[in-house]
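One chain is shown next in structure tokens, namely the form predicted alone.
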Amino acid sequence: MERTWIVGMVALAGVVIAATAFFLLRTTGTDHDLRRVIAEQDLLPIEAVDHPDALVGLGRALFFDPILSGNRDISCATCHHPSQATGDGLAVSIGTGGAGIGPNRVLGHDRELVPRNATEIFNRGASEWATMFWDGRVRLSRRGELLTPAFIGLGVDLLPPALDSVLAAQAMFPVTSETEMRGSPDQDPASNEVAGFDDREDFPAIWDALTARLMAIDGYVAGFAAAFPEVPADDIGFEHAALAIAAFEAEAYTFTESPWDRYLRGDDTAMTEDAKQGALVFFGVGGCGECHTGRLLTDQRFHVRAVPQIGPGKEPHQPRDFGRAGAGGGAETQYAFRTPPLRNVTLTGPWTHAGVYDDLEDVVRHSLDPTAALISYDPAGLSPEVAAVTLETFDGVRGAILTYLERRPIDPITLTDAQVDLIMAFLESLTDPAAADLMHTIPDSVPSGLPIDR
């Protein structure tokens, strides 16, 4: 009996020692190293957001309703569509006057392309957001003040004071853009009462006209009353529409269950070994984590990454897109664009501010040696609409960017193909499976009765 007990205890001790050894081996390997990086960089999982149902419901209707465009032919969702992972699947977007959805959308006759790629809108309800748009023209100051194109100088700010976030402030401006949603006085019918306004000094007139449209529709009168019960109907402004749109975007397109988020919450089994190794390369020798940092995997700062420019340029009769410098950032920020966030990034191509890459691995390889990638980029495969406004000026714009880089060179980074593969595995782990199918976010109808882009 005693011998049997001793043998059993020895066996049990062996199991405990083996289990302990396995645990130590595991925690002193990849997981140990990665969790040290996570702690050092204070990397946190995405958290869910919560907004009142009435506010979200109103925002959902507004987001999908073409009533907000001058010609009543394009909605917010046209360029941020659920079928395209909240983008539009195009290199640079096609605004009012176009037809179709996603990569099949076509440019209207005599219309101009939107100068940049439509950003995805995942996780925009996170409190860390301090900038919107590729050039940061909507942002928070160091003192927490909203800075937008509606600040026209001499202390005059046309932005309504009720806005409570950069996301809500952002929603005020696509409707004012001639190429995106407002329309053109030279091309559009008299029924487009906002096309004739200037897209800068006349911001309030545009917002007031669109609000009048909304408040002439019974469904929206009821929707605003439910979402803003403390605001009299006569005091409803477009800022209330923007607040509702922001609430819907945050509620519908925040995703918290990617393998990376689950790993950050302590589940060591959530990521593959390759994804974990890829995270170590990403935050280590790959240098990616220098800019793609924090909960959102973006520092929200502006960097020159030598991305080729395609499309028409940002300003009329100006073929170059100067990026942050064109939005008040100063000459040193020429060709600098905001670091994009990376949650669900595998779903959101084409990538970069100009949508020049259809393959995410090409973006990674561009980042390793941006100057060489710019020199070797071949625009021959562009769509006919984009090629028509790109090829004539492409070499000149590329030359201008290269000249700029001579003064501010970008040091290349050398990685093996195996290391690049590991980074790609990590990027896969940033995608929440639920983000792959967003069609349930589309309403059956909108209060205006206008058709919904599907």
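Please read all numbers here as calculations on a predicted model, not as lab measurements. Quick note: we count residues from 1 along the sequence shown, nothing fancier.
In what follows, reference is made to the form predicted in complex with heme C (HEC), a form of this protein that is not presented.
Proximity to heme C (HEC) in the predicted bound form, defined as a heavy atom within 4.5 Å, singles out one entry of 79, 279, 310, 244, which is 79. Between heme C (HEC) and the residues 275, 118, 250, 163, the one pair within 4.5 Å by heavy atoms in the predicted bound form involves 118. By the criterion of a heavy atom within 4.5 Å, residue 337 is counted among the residues contacting heme C (HEC) in the predicted bound form. Contact annotation: residue 286 falls within 4.5 Å of heme C (HEC) in the predicted bound form, judged by heavy atom distances. When heme C (HEC) is considered in the predicted bound form, residue 261 lies well away from it, no heavy atom lying within 4.5 Å. Taking the partner from the other structure, heme C (HEC) in the predicted bound form has no heavy atom within 4.5 Å of any heavy atom of residue 195. The chain is drawn here without heme C (HEC); in the predicted bound form, the stretch among 378-386, 347-355, 221-229, 154-162 whose residues come within 4.5 Å of it by any heavy atom is 347-355. Taken together, the three residues 35, 85 and 422 all stay farther than 4.5 Å from heme C (HEC) in the predicted bound form, as judged by their closest heavy atom. Counting a residue when any of its non-hydrogen atoms is within 4.5 Å of heme C (HEC) in the predicted bound form, the hits in 56-95 run 63, 74, 75, 76, 79, 80, 93, 94, 95.
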